[in-house]
Structures are given as structure tokens and as C-alpha cells.
Ligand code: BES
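In the block that follows, a single chain appears as C-alpha cells, in the form predicted alone.
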Amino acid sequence: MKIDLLHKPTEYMETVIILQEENGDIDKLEYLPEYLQNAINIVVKQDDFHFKYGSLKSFPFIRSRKRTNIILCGIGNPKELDNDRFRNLIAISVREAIKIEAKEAYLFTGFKNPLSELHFGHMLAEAALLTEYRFNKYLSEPKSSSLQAIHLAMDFKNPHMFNRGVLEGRIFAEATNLARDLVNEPANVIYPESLAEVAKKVALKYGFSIEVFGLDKIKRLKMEAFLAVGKGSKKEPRLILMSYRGNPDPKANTIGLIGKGLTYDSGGYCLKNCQGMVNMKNDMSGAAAVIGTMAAITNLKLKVNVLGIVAACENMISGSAYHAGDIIRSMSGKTIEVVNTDAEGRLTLIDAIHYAISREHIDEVIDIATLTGAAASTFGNQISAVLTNNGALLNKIQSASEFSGEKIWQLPLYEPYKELITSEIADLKNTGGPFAGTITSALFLQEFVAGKPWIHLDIAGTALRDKEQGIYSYGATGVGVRLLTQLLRELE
């Protein structure tokens, strides 16, 4: 989709989108032909349309046998307009344009813009590209968006900054859509080996380094917790290592991004029910977020050093699968009593985290995972849980959240709950039982971060949507890509 500035009036416009403040004056919109102003004013008065926030009205206007589609969208009070609200307004308008099969849309804004030129361009491009996304490759007759261009009718003092914002917003959106594609693919298409192959193609396209370890190398590394989870599957695990070095300073920190990569999770012998297994192809949403983030930061040429790691495997049932009651040894040497084979993601993460710290010598750890049903039950599908041992990192990710619109909420690393993951026969248990599941899972991970500054993101509730809403379509959200990319920008 092309997004640019309209520099001069044009007599015919196929589709017109107007974002207007409450009770605003259409007659003051520059570049909007007078005949369209008159037609819109008539409809606004007849229907008593007041441009309240999120209100939408769409209608056709025919002149000289040419049809113009008109989409009116209310922004309410412009003083309340922030990144998130603006994204939502663009999503509402673009979705309506797609619905009426528009090919070109001319966007008019009848309000004093509180966003900077850079942010305006970023939010416009990001929201438009995220909204038009559809995963329809397996439909016999796929229907794609017909919208090819959005022309913004607005004068900027520095259009270069707007264009830069559009470029950055496009990068954020395309990386998010890459992650959405990976998560939306079924488990018969994306499994450990094929995920590694996709990651290689992404690395080649964007220019970051990649190395993939197979079963033999993983065994030599003694990543027994990771291996235990994948034992029940015929598909062998893969350890995917992605490296981007944007800061040549030898003293610069290296940040480790660790993404949960369960390409399918049956629950193992602690088997999920049928309904619980349907969407378990999304249990690699953390891995997809890391791959998408690596693409974005490389494209943006950020001045940071990042190591992305995905321990990819399937959690299945077979004669070789691990059991509830097993005691396994992690790469760090700590032993774990397996209380529940469906608490598997943390077992893969701890070996990946320990590898990153002990072998790659990373300085900070950020992990992202669809880890606990407790996070989904607590926060629903619009807020991700965040737990951290570092106040400075927390401040950075909260700032990144405000920019990206991906909501987070901090939970405490409540030390007394460590008792719940203490085992009588091993160093740790892999689950603390039915209470405080998101907290106890994070406390489990904390045992392996070696005191490094660390953030844990639990995206179990936010990785999927079951219907269209705002910038999201049905299916994977690509959650974490924009949040982590912006966080890394703030850590430059």
C-alpha cells in the first residue's frame, strides 16, 4: 500500500476519508472540493452526525456519472488524541474502505494535529498496514484488500519527517505481519525444522546472522530440560540463534531476546482437552515475536547488539515422551521435578536463557512466551503480563508500551511464592500449582537469569484474537514485535 502526501487539489477522488473533531467544520478542509463539502454538510445535518470519537458514517455520492465513496470518522476531542486512539481511528476508516472495495483513499483531517509529523506518519502507515492484513492463503478463493494507496491531504512544515515516519511505521507493521504469518500457519507447516528454515530466509532477507543447532549439538550442550520436552515428537528440536550487532563499541551491552518456540503443544501426558489444543499452533508466538523483532531492528539499523534465541520443539505423546514425576537436569545443572508435562515452555526457556548467559555472555535478558493460562485469565486478550527484576528496564518497557499501544501490566516477583516451586526431591518443581501461576512461572525462570537485568513477558492472552477489533484481524496479533522493537530503540 502506497502512503504519501497530497500536494495539490484533485477534482475527482474515488474514496474520501474525513477524520474530524466533534462538531467540526467541513468547510475548512483544504483540498476538499466544494461540491463534496456541500454534499457532506447536507448528510451531517440530516443525520445529526457529531463526529464523536469512533463514530462512523459511510455513503456514496455521484456526480457526472462518477461515484465518490465518503467515509466520515469522528475523533471526538483532539486534545485526547494519542498514538493508540489515532491508530484505532485509522483502523476504523481503513477497514470501511476495504469493505467497500476502495482502491485509492484520500485522507482529510479536520483538527489541530497534536501528534508530531514523525509520529503521525508512523501511526498512519503502521495502522493501515496492520488493519489490511489477512491470513487467507489456504482459502480456495482468497479475497485480498483492494486498497492500493492512501493520500494524505495535510500540509507539514517538514514533510521529510512525515515520510520518515511512514517508513518506520511500515517497518514496524511488516515485521509484525511476518510474526502473524508464522503463528497463523498450522503445525503441519511450521514445526521446528521448518521454523528454522523460515528464520534463515528472514536472516538472509534482512541481513542479520543466524546459526541453527540440530539434535546432536543440543545434546552435546546438555540442554536436557529442552530435550525432555521434545522427546515425544518425531520432529527433532532446533536451537535457533540470531545475531544483530549494530553497535561496534566493544563495551556495549548485548541484549538477549528469548522466545518460546513450542510449534505445537498437546500438553504431553498431562493432555489438554480438544478445545485447548485447537490453537496450540500459537505456542510459538514468542518465537515469532523474536524473529519479527530481529527483522525490524535490522531494517531500522538500530545501534544495539541483540542475540535472539528460540528453542523450538513440539510437546507430544509417545513411548519416548517425558512423564509427570520425572526428574530432569537443566543445562545450568539445576534439577527439576516435572509435576506437569503441560508446564513445558519454561523448561525450554531456561536452557535457552542459560545458554545465552553462559555461552554468549549476554548482559540483559528479555523473554517472551505464551506461558500461562493464568495470564490470559487475569488480563484477557488485550494486556500482557510483565515481571522484572530491574526498575530501569521496567520504565523503558512501559514507555515502549505507550508508544506501541501493546498494553502491559506489571505483576510482582513475590519472593514468598518461591515456596510453591520448591521440590522435596529436586532443586525445583516446574509448576507451583493452581494459584498465582503467572508469578510462580516467572519465579521459576528467575532462578536461571544469574542476576542479570531481566524482563519476562507473558503473552498467553494477547497472542490471538477471535474476531476483528481495531488494528487486529482474526487470528495472530504479532504481539511483542512492536513493543520489543520500540524497547530496543529506547535502549540504543
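Each residue number is its position in the shown sequence, starting from 1. On a predicted model such as this, the values are computed, not experimentally measured, just so you know.
There is another form of the same protein, the form predicted together with the ligand; it is not shown, and what comes next is about it.
*Look at the candidate spot formed by Asp283, Asn340 and Arg346 and say whether the ligand comes within 4.5 Å of a heavy atom in all three of them in the model of the complex.*
Yes, the whole candidate spot contacts the ligand.
_Can you tell me which of 168-176, 418-426, 260-268, 183-191 lies within 4.5 Å of the ligand in the model of the complex, counting heavy atoms only?_
Result of the contact check: 260-268.
*So which of Thr372, Ser330, Thr109, Thr388 gets a non-hydrogen atom within 4.5 Å of the ligand in the model of the complex?*
Flagged contact: Thr372.
*Contact residue in the model of the complex, from Arg245, Lys272, Arg164, Lys205 (heavy atom within 4.5 Å of the ligand)*: Looking at Arg245, Lys272, Arg164, Lys205 one by one, just Lys272 meets the 4.5 Å heavy-atom criterion.
*asked:* Test of understanding: in the model of the complex, would Leu457 fall inside 4.5 Å of the ligand by heavy atoms?
replied: Although the ligand is absent here, Leu457 would stay clear of it in the model of the complex, with no heavy atoms inside 4.5 Å.
*asked:* Check Thr431 for me: does it contact the ligand in the model of the complex (non-hydrogen atoms, 4.5 angstroms)?
replied: Yes, Thr431 lies within 4.5 Å of the ligand in the model of the complex.
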